[in-house]
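There is one chain below, alone, in structure tokens, taken in the form predicted alone.
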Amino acid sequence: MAKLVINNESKKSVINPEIYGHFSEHLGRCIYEGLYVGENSDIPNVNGMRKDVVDALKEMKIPVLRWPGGCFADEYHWMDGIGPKEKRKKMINTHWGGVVEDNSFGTHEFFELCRQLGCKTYVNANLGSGTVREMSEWIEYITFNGVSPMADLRKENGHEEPWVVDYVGVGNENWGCGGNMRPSHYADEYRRYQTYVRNYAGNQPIKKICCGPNVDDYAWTRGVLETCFDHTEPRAHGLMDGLSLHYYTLPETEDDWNYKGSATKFTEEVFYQTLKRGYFMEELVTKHGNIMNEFDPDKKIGLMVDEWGIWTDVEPGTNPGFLYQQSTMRDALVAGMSLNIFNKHSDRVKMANIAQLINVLQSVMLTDGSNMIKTPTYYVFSMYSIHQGASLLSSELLNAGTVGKGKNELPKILESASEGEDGIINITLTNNSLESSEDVEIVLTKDPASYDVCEAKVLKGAMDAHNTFEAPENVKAEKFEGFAKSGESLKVTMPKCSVVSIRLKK
């Protein structure tokens, strides 16, 4: 039997709600058809935003939304997406499918969406093909409260009051689609551009995010930080608030990105290979974090994992540039593992944004016309929302063993625990085994006998189980009853291939 020892006598770092963040790009059917259908659509909407989608995201407690990209961000010119929609400039989305982008979803629409969701805003600005002036004027347009050219233009376009922008990404993937830059060159550009992301008097400070590494490019992390911290006092705090990290779990790809494997048809060996590749996030966060510690030992700069998730081949018959894929229990386990990893590194990881929100890559929802379904990944985010804003508790898992073989071997169970301001202890676990259930004895170090289960949920199914428009609730979170109190411990029996959340209350 595995044993989980939770030290509830000492609270650690706060788990930022933004760790449960999301990402929406002008890609495929994420924005159009997914989030936005327009005010004249027959699909129920509020100011053009799909009501079913907004309601489900609010229920999931979405904390922050990143927009407009992605690679799209570094070819997006914000003034094309304001003013009367019939006069907005049309463009070709050269990155994603070569389709026409009519810019009917722009700045006003994004902030209206976030208002409806009640979430924080993360705007990714154009460094790759944009100018310092363009970025500066966008911030002025969004946030300035007073008389200025851009504030006046915002008012002319129908929004008298400024909005709050919580995060600004200064470029995206500038090592690749955002300009193919070297780390020192990008870092110098970052220093220049971020200077003009103004915090206007009386406004909430904007947190600025620097483009960080692609996967395990540790040289990029070090090179960017060396340049950003050079000739900067006090130690670059204020120059940046976050450094991004991008990592996609590719189930079968070795060297050929044109073949990543099916989202729904895979072998048990590929299942474990995928989970092991997802578990690589632990190493990435640790090693990039160690480099950041050299420059920022007080951990004032957050590691922002603002693109992550499984990337498979598209569903047969769909546009290959739209990146539409299904989501199975395999996706759910990768999501659960990743979120547990982020929780346990919440002293450094301050935000994460799964890619992407809807109809693209490892999304939490899929739409087809007026129909919408929740994916297994949706239910993981819903179950794990209990950690948002809670304090991480030290936890140690003993005798849990491993699953998979050889290079695909990984821990059988991954977990994290936290305590909310209400005193409730939150525990989330993944059982990564396809072969067997797992008994876990949970022990608290302080007053263990005084705690009882007040809520418990489970998500389970075959490795390829998923929801369809014909069977929308094939996989969903359900009440979990596989536990029993035994003296000062709690025995939990986790089904194979499952995600479990448990809450303990005095």
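When you see a residue number, it is the position in the sequence shown, counting from 1. Bear in mind that the values here come from a model prediction, so they are computed numbers and not experimental data.
There is another form of this protein, the form predicted in complex with alpha-L-arabinofuranose (AHR), and it is not shown here; the text below is about that form.
Among the candidates Ile427, Ala263, Met240, Leu323, the residue which, in the predicted complex, approaches alpha-L-arabinofuranose (AHR) to within 4.5 Å (heavy atoms): Selected residue: Leu323.
Partner-contacting position among Thr221, Gln356, Ser416, Ser338 - heavy atom within 4.5 Å of alpha-L-arabinofuranose (AHR) in the predicted complex: Of Thr221, Gln356, Ser416, Ser338, the residue with a heavy atom within 4.5 Å of alpha-L-arabinofuranose (AHR) in the predicted complex is Gln356.
Contact test, all of Glu173, Glu307 and Trp311, partner alpha-L-arabinofuranose (AHR) in the predicted complex, heavy atom 4.5 Å: Per the other structure, all of Glu173, Glu307 and Trp311 touch alpha-L-arabinofuranose (AHR).
Option from 22 to 30, 459 to 467, 437 to 445, 42 to 50 whose residues, in the predicted complex, bring a heavy atom within 4.5 Å of alpha-L-arabinofuranose (AHR): After filtering at 4.5 Å, what remains is 22 to 30.
Partner contact for His246 in the predicted complex: alpha-L-arabinofuranose (AHR), 4.5 angstroms, heavy atom: Because a heavy atom of His246 falls inside 4.5 Å of alpha-L-arabinofuranose (AHR) in the predicted complex, the answer is yes.
Distance check, Gly70 to alpha-L-arabinofuranose (AHR) in the predicted complex, heavy atom within 4.5 Å: Residue-level check for Gly70: yes, a contact with alpha-L-arabinofuranose (AHR).
Contact of Leu361 with alpha-L-arabinofuranose (AHR) in the predicted complex (heavy atom, 4.5 Å): Although alpha-L-arabinofuranose (AHR) is absent here, Leu361 would touch it in the predicted complex, with heavy atoms inside 4.5 Å.
Trp78, heavy atom within 4.5 angstroms of alpha-L-arabinofuranose (AHR) in the predicted complex: Residue-level check for Trp78: no, no contact with alpha-L-arabinofuranose (AHR).
Within 4.5 Å of alpha-L-arabinofuranose (AHR) in the predicted complex: residues from 74 to 102 (heavy atom criterion): Stretch hits: a single one, Trp96.
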